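What follows is a single chain, given as structure tokens, in the form predicted alone.
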């Protein structure tokens, strides 16, 4: 990685951290309805993975998905609006923290069900992008490793 890529990676990680710290503040003030699961401490994962994706590539996320969307380039104002249940949000204020999506950026959505994004990503990988084959990333945590849906998706992908 050259210096410019390293600088941009650092900027992205800082942006994710600042977004998440602001989310914590807003949750504590009861300005964000419902629950928000932060991505603090995991910024480098989203930054590195999303930096390697091309414009036609897609991803699915988890209940801790804010960092994935930010690293992919989602609009921060629309993300905050979504978290605050406003019509101007990414999903018109209906999805909240655990169901963020921006299909225009290849973000097929966060999901509050453990490992549920994996089969969506596998299906998306089979459909060529506008420029040909594409990569589909399924973010998931360690709790997903014993979920049938994830293991079944691995088997399907391997077949």
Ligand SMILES: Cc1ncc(C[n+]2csc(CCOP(=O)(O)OP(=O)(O)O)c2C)c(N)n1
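These numbers come from a predicted model, not from an experiment. Positions refer to the first chain, counted from 1.
Heads up, the form predicted together with this ligand isn't pictured, but that's what we're talking about next.
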Interface residue in the predicted bound form among 127, 103, 113, 51, criterion: non-hydrogen atom within 4.5 angstroms of this ligand = 113
4.5 Å heavy atom contact, residue 42 and this ligand in the predicted bound form = yes
Can any non-hydrogen atom of residue 9 be found within 4.5 angstroms of this ligand in the predicted bound form?
-> no
Are any of the heavy atoms in residue 134 no more than 4.5 Å from a heavy atom of this ligand in the predicted bound form?
-> no
Taking heavy atoms and a 4.5 Å cut-off, does residue 63 contact this ligand in the predicted bound form?
-> yes
Pick from 86-94, 63-71, 22-30, 117-125: which stretch has a heavy atom within 4.5 Å of this ligand in the predicted bound form?
-> 63-71
Does anything in 114-147 come within 4.5 Å of this ligand in the predicted bound form by heavy atoms, and if so which residues, in order?
-> 114, 141, 142, 143, 144, 147
